[in-house]
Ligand code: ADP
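Starting off, we have a lone chain in the form predicted on its own, written out as structure tokens.
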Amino acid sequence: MKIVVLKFGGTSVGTIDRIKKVADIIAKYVKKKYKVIVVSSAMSGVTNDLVNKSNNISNDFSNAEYDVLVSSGEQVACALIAGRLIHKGYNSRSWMGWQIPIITDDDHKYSKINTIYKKNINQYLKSNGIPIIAGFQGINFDRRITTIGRGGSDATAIMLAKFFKAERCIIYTDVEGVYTTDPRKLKKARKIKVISYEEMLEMASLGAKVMQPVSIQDARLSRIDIEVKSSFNNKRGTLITKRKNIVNRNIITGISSTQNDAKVTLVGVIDKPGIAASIFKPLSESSINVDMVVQNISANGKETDLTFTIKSDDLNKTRKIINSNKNINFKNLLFDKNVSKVSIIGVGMITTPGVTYRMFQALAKNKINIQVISTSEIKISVLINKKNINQAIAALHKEFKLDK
């Protein structure tokens, strides 16, 4: 069977008119002789409304019941899509995760798909049926509904493409693809035609919101090519694929930025073996993600200043944890929420010297001060004052000729 997996995000199914448009898109693939597996998110705004309801019921709402509650949004969207296809004369029906079943681990709210039973869906495809499968959900071995984390419908689509050996996996959303940077921050942002898994993973983890990092990692491990495109027009999107499929590569592929970082500095920490572990262990145990880290040793070698970044939402919790930590001694604790991280990403920098200099020089020319630096093989990130973020993006976009 020639199978294609089509995933539609919340904005794509956000209204009845948009659901009718989605049905038209599905029909086009059927006419091209594809066996179509459809994955749908909940209608835009529905999941947030359900989460708010759970918060109003309890500030410690059961994780298991949370999964039952928020997974109901996809059920509505799937039924509406199937109903429209039936109206158009096609054989279609909705499938919840438990009906297939999609088996996950037991971690409520953040489950991972372990296996997908194919028999029922294969039989339905062979009978020319169009299954509309609820994204974001599955069932564990206790027969309880589980969810895969926000943005989990992408993961559902990618795993279905893997298990059913689909020829294509297309993610339909409200943007035309992946851009060199956020087009809302820079009008000269350009749509990227092809990007590697590694670059897309870095861009997503550093602020690009087109796809969730975990979904890209799933695609990379399973070698599933993904096309990201708009459900609102028929323009070509962005192909996410392996590096060797890409030719004529730029040095830098894209620029990402964040708006919700905070900088934490411990001044005058008594320096001794294991001190960093003593600081970061209780943060890790409280699920606080530490990102950029820099350490400065004093001239006498007895004290150090340690700076790191976290999400600004974790600031109050971090303050309490550090102040109550009896295993560390320091002179002062400083916080700064007026910071943003800007990153350049590209596998081309692996073999190209001078990229770091060009980045720092471009920022210096615009009088933008760098506070913290972190690097990996294919990205360089710097922490700057939040007020300079748009200026920094524009300068770097121009320096690496991403608008051409």
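We number the residues from 1 along the sequence you see. Just so we're clear, the structure is a prediction, and the values are computed from it rather than from any experiment.
Beyond the structure shown, there is the form predicted together with this ligand, which is absent from this document and is the topic of what follows.
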#### Entry: residue 183 within 4.5 Å of this ligand in the predicted complex, heavy atoms
yes
### Task
Flag residue 226 as yes or no: does it have a non-hydrogen atom within 4.5 angstroms of any non-hydrogen atom of this ligand in the predicted complex?
no
### Query
So in the predicted complex, does residue 292 come within 4.5 Å of this ligand, heavy atom to heavy atom?
no
### Task
Verify the contact flag for residue 126: yes if a non-hydrogen atom of it lies within 4.5 Å of a non-hydrogen atom of this ligand in the predicted complex, no if not.
no
## Note on the structure
Counting only non-hydrogen atoms, the one stretch of 158-166, 173-181, 93-101, 324-332 within 4.5 angstroms of this ligand in the predicted complex is 173-181
#### Entry: The single option of 320, 209, 302, 87 touching this ligand in the predicted complex, heavy atom within 4.5 Å
209
### Task
For the heavy atom contacts within 4.5 Å of this ligand in the predicted complex, list the residues of 1-15 involved, in sequence order.
7, 9, 10, 11
